[in-house]
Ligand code: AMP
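Coming up is one lone chain in structure tokens, specifically the form predicted on its own.
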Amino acid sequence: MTTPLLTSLAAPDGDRPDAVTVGGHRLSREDLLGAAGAVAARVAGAPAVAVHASATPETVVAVVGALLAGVPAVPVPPDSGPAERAHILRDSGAALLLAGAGAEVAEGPLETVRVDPAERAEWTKAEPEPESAAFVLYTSGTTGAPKGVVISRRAVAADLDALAGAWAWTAEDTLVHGLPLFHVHGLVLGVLGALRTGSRLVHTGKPTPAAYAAAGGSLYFGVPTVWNRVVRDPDAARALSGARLLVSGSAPLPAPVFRELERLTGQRPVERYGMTETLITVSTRADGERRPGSVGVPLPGIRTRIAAEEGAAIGELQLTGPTLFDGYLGRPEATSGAYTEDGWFRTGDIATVEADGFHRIVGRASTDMIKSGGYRIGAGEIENVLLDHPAVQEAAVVGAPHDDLGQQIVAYVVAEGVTERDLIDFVATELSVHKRPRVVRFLDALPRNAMGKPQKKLLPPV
């Protein structure tokens, strides 16, 4: 049975002054809970509170305070534009906006409550019900205005406990990362995970190779962009050789980066898979095999299946389990449409499952499933091959309309000293000929979001 979300957040025996470090600012667990208690007293009874989610101690205090009070926290990206910010504040029903004293917050419809990590108040009220909402997290909005994803306290606790088991994550660890605090990866895993397991947390502010190298952690979180920068700084990468586990997520880790991490640090990274709506559901394990391009096996309690056309080896990944969201806020039709008739969540991701249960994610159904000349082709497979070419730094593959083929394979690459024909032939020698790109476009950089995911819908037309 999963224990309540906040039960293990209380300061343990031997509480240390640097239990939580964010951007160089240190808090003990006792300090954190005292400051969070002051926040809880100010927000109790609110339907929801927005949090100006900069990478600061104030964000951590604000989120924990909201959780203590049983008020759903709504992280707002600090760099969100006026339209996005206004939509989140209005759509979430937040009554207040929590922000640090030094945060520059644009005037808006909500009262701004300034959070002070030095403030103290004891909070003694009972733990809220497990089924109550912990967060309303907003999706990236690639197909319209961002939707509010309601995540329960029960789902968060179940996911963190499953990951602690899979990664052998304990109070003896020091977790290091520099990820944004308005996503599942950086906030739910990267803050609440450390607090729930009792491990020390070092948030580096920015996830630079130098900051990671200097942190002295045993457990590191990063997205592929972070790990790519780390392996380009061999000294920084080698400094991580004493770590117990390097975890990559939020987007597929290119196979060349996987191999370079292994070469420079002496260990293979752990990859995992999840979504805002599901939290983390599939992962390789600390004590198991780690394969390039694979996100491992389902976590305890999670069941998966592949919805594929007859005879096809790949299809949409669907799943069910205790970590799933409670629905899109105020959008019952969208919530209903996210599930199959028999109650499985449609991830929209295209995957294949190997005979031993290892999962590989090959792309998004909307952009990465290419139907060309009667073949169903996963864009991710081609991208990995392109990234294996020594001249290619970044790659994104899409299907573009074609009169004869239905769709033709188009590759966008960041590369030097190589021609379009070189790359087409390279793919044709590594994969089936029908998987080769018909067109290669050279760019200075791929458009990416805050988590480093390529934004294919922002690629220039062919």
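Not measured: the values here are computed from a predicted model. Only the largest set of C-alpha atoms that superpose within 1.5 Å between the two forms is called the rigid core. The first residue of the shown sequence is 1; numbering continues from there.
Another form, the form predicted in complex with the ligand, is not on view; read the next lines as being about it.
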Discussion item. Arg331 versus the ligand, in the model of the complex: is there a non-hydrogen atom within 4.5 Å?
Written reply: no
Worksheet item: Does any heavy atom of Tyr273 come within 4.5 Å of a heavy atom of the ligand in the model of the complex?
Response: yes
Worksheet item: Does at least one non-hydrogen atom of Arg90 fall within 4.5 angstroms of the ligand in the model of the complex?
Response: no
Worksheet item: Quick one: does Lys371 come within 4.5 Å of the ligand in the model of the complex, counting heavy atoms only?
Response: yes
Worksheet entry | Proximity to the ligand in the model of the complex (heavy atom, within 4.5 Å), stretch among 166 to 174, 69 to 77, 356 to 364, 379 to 387 | 356 to 364
Practice prompt. May I ask you to choose, among Ala391, Val105, Ala251, Leu264, the residue with a heavy atom within 4.5 Å of the ligand in the model of the complex?
Written response: Ala251
Worksheet item: Among the candidate residues Thr320, Ser218, Thr139, Thr335, which is the single one with a non-hydrogen atom no more than 4.5 Å from the ligand in the model of the complex?
Response: Thr139
Response to the item:
Contact check, 26 to 42 vs the ligand in the model of the complex, heavy atom within 4.5 Å, ordered by sequence, gives none
Practice prompt. Would you say whether Gln407 is displaced between the shown form and the other one, judging by a C-alpha shift of 2 Å or more on the superposed rigid core?
Written response: yes
Item to complete: Determine whether the C-alpha of Lys435 shifts by 2 Å or more between the shown form and the other one once the rigid core is superposed.
Response: yes
Item to complete: Based on a C-alpha change of 3 angstroms or more, tell me if Gln407 and His359 lie closer or farther in the model of the complex than in the shown form.
Response: closer
Practice prompt. Indicate closer or farther: the Cα atoms of His434 and Pro252, in the model of the complex, relative to the displayed form, with a change of 3 Å or more.
Written response: closer
